[in-house]
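One chain is shown next in structure tokens, namely the form predicted alone.
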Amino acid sequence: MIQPLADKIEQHLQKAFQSLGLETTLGRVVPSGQAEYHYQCNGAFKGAKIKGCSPLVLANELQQQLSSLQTFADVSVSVPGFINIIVHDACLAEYGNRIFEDQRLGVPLNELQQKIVIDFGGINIAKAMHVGHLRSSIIGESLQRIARFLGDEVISDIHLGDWGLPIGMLIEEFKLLYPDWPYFKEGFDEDTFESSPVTIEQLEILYPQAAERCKEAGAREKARKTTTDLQSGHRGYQALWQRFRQVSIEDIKRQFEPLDVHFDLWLGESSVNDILPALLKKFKDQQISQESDGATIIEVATEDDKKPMPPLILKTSDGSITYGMTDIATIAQRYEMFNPQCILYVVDNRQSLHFEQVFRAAKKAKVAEDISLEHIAFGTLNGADGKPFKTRSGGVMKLQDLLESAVAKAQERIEEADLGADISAQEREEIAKEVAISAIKFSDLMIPRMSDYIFDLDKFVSFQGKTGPYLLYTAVRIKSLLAKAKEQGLTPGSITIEADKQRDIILNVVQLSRMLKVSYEERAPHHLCEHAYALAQKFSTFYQTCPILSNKDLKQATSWLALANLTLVCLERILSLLGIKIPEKM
């Protein structure tokens, strides 16, 4: 395993600090903000307070120990005590070659590998998927890829909204339309239908109709009764509910396929229905829960709260089970099934209060004593008006419509840029889809996840600037370069460094392990996006100033080609972790 360059540099600094009787933690380095230096150490400031001297004096003592090391081309000190480091070109070149030969690109596995459950679905069955499902699926997919690459065992769960009053409302709507269906009669026979009589198109039309009808008290009461019967084991209702669930899951999988989003588990709220009574009894017997105005609650407020913290309602006064209760039951279920060290909930920040209540209640009820529960909150995807994204008519935009709009825009951009003139119509269509998905995913992931952002399709599908299509274009350009080189009999050689443009690429590449670690620890893929964009920019500058195929110096040409190859494998790895595919040509 390759030791990351930054770790190697820190080891040298740690020894230097230790030799002066100081903590090794002071040897932390960061990339320098000054172009003429590679790394910077600020440990002399804290160390000087301990030793009772000025930071400049301590920094100079450390500099004298470090200057003779072969790793460094130069170690200097600047006022008031910064230690500035330039890594030797030979060391950088060696790292570039070793990283290229390593399947993990010099990225070590996590020292402490965990079993993690990631919950990033929360989609309701029987409803059309909309743009509100976009961010959780894109962020969640990237987080599970990053965690797996770093060695964690990840179980991802869509956690479907497939139980409760909305299902009862929908069953009642079908009962009005198809009163003769056997689902609604005594002695239901499951073999009545050879295939599902329910379609996703029906569900998408009838769900809003059912919601509108149930605004009336009488209709709502009927739906509540049907929901209770369903959850109590009514065979016909449960069979119809299974039809709802089946066609919904098939449609969800179809829509997630182009986004390359995948779940290990397709469980839902219904999966914990059987354990709810026992949990409610346990909470009551152990005096964890209490009755309040006919409802069952858990008090979760503490003396340290700076603002009011309402109790978590487990069961309403009319006997309905709440999302809070099913969420606690799901934590208990996951503990029994997987015994994970951590559960991540990738859900937008408007649900922050709910998850704070659930996490506190779960700890109080001792269903998650040893599990870290994290709400991976994110901001909203907004329209040009700064409000949550809508259609022109003001309705919620379907996810399918958004994807189709992005593909159409990508096709326009490809034609405008005159790309792929020698590519078949079918290939162009596939490329347009990949360009569209890269635009949607990268635009989402490059934003710090707690931030809201405005969805600007024209900007995101551009082949210039900080966009997914720009990164795809850079990667495909390198693929084309490597193919042409092969035709000329030119193969990548050993990387050497003779110019700043080469050095800049290697300095970016060796930072990949640190960027991944930060992305993992902060649950923040935008760090990887920034890293990939910076690498693509550095390669573009290098490519413009270092013509590889026309270079008469064979040794230098093969070195430059190796650097291009290294750039490609790094871009491929980063984009894969972001869930973005690179086409073979453009």
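Keep in mind the model is a prediction, meaning the values are calculated, not measured. All residue numbers refer to positions in the sequence shown, first residue = 1.
Note that the form predicted in complex with a small molecule isn't included here; everything after this is about it.
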| What is the one choice in 316, 124, 382, 238 with a heavy atom within 4.5 Å of the small molecule in the model of the complex? | 124
| field | Contact assignment for the small molecule in the model of the complex, among 99, 347, 399, 85, heavy atom within 4.5 Å | value | 347
| request: Counting only non-hydrogen atoms, choose the one of 485 to 493, 339 to 347, 454 to 462, 174 to 182 that falls within 4.5 Å of the small molecule in the model of the complex. | output: 339 to 347
| message | Is residue 152 part of the interface with the small molecule in the model of the complex - any heavy atom within 4.5 Å? | response | no
| request: Answer with yes or no whether residue 81 is in contact with the small molecule in the model of the complex, where contact means some heavy atom within 4.5 Å. | output: no
| request: Indicate whether residue 166 is a 4.5 Å heavy atom neighbour of the small molecule in the model of the complex. | output: no
| message | Can you work out whether residue 268 and the small molecule are in contact in the model of the complex, taking contact to mean some heavy atom pair no more than 4.5 Å apart? | response | no
